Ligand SMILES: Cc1cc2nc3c(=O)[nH]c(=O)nc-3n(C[C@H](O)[C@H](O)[C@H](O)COP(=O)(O)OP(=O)(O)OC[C@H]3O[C@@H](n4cnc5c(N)ncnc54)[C@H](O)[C@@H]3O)c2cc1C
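Given as structure tokens, the chain that follows is alone and in the form predicted alone.
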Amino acid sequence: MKSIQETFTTPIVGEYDVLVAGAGPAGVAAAVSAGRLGVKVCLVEQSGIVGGVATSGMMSHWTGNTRGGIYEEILDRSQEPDKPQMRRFINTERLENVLLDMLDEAHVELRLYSFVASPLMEAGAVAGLIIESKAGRQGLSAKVVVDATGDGDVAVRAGAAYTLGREGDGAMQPMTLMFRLGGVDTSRAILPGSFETTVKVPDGEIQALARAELPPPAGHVLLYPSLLPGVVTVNMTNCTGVDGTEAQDLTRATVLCRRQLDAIVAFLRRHAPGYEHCYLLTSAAQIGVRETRHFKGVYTLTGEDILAARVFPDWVVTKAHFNFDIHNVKGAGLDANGCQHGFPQARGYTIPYGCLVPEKLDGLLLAGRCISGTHQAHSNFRVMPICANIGQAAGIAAALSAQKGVLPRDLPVSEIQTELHKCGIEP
């Protein structure tokens, strides 16, 4: 492979206490939480929208749950006042504005349209970010950096240890492009909300029909109500065998999922009550990537920890609850190792601070789906409510570390927990 030698002189254009990379639910939560503690914070995001998969990814609703903390604050501030029963469903335009308000109130400097090119390193520790934008290549220095990119783009370039996909073969959950249908008769519309939901329609059972008729690897039916009249959100496109850390795979997944849209609309018109006159209204600007890198932290959360509802002494996220939502790595539907309706643990679980701290890399905290966990555990904590509260913990820890001049790994967890108590989070 040919290569070229590049030499840069990069200006440092900002100095901060805390830098957050990635403005999805975890990143926004981290930035807001750090800013509320009075430190100087900057949030860097490659797109022109905050909210990540919740907004540009056009998610239908907040899947999974936690109690207390910034997730519930986001729900309270973004819900439609006249539709309290649909509190967890997302109006993407309203949510984006709420998140922008929260960032502004916390005095967070926001840099959109800015890609993270690499970490800024000093003495083997992360000391900031090198970013690329229309303004060119620029440096931002920080006392602590939070990687909330989803894929751990900062951590991997800083040399943090990780594994890719599931143990054994590295296979990763498929990608999905969410979209919305208009023209739905919602008084009659079927709304199967999980892979295990079966619905009888005049021509048979809807999931069986989808497996028989939709172009593989599509082949399941997931339909969700929206806050807009006559509109349903659809989670039915599917692309397997792709790696979300490779631009060409992201391109291939986006193209393939877009080519499935017409077939899915035609299928629903043909078989689904209430969808006889539906039409494609809009699709997400960002494809949904479920799984890529799992970083090696001071502690690695396991599926057994979740099933046992472990309360760790160094907890920073509590009352997290979901299931093992492992999408089939080879096709449509639920993976053989997944478990939805039959998930046996209803009490929730905690996530320890050690999952946010890279095993050997200083100056950096992990937030969101790239924290230290196994493939099975990740399928539970990767959902947005849990990621938001992971981000809150990371932001608080980063701010306290910056204020006290200590490495994040040396910060007493009791001090993080004291701040979390103030936010309504209890073990």
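Predicted, not measured: the structure shown is a model, and the values here were computed from it. Don't overthink the numbering: it's just position in the shown sequence, from 1.
The form predicted in complex with the ligand is left out here; the points below concern that form.
Contact check for residue 108: every heavy atom lies farther than 4.5 Å from the ligand in the predicted bound form. At a distance threshold of 4.5 angstroms between non-hydrogen atoms, residue 69 is out of contact with the ligand in the predicted bound form. The ligand in the predicted bound form comes within 4.5 Å of no heavy atom belonging to residue 18.
At the 4.5 Å threshold, heavy atoms of residue 178 reach the ligand in the predicted bound form.
Within 4.5 Å of the ligand in the predicted bound form, a heavy atom is found for not a single one of 306, 343 and 389. This chain is displayed alone, yet in the predicted bound form one of 166, 211, 319, 290 has a heavy atom within 4.5 Å of the ligand; that residue is 290. Checked against the ligand in the predicted bound form, the candidates 300, 254, 328, 235 yield a single residue with a heavy atom inside 4.5 Å, and that residue is 235. Annotated contact segment (heavy atom within 4.5 Å of the ligand in the predicted bound form): 282-290, selected among 256-264, 133-141, 95-103, 282-290.
In the predicted bound form, the ligand lies within 4.5 angstroms of at least one heavy atom of each of the following residues of 148-168: 148, 149, 150, 153, in sequence order.
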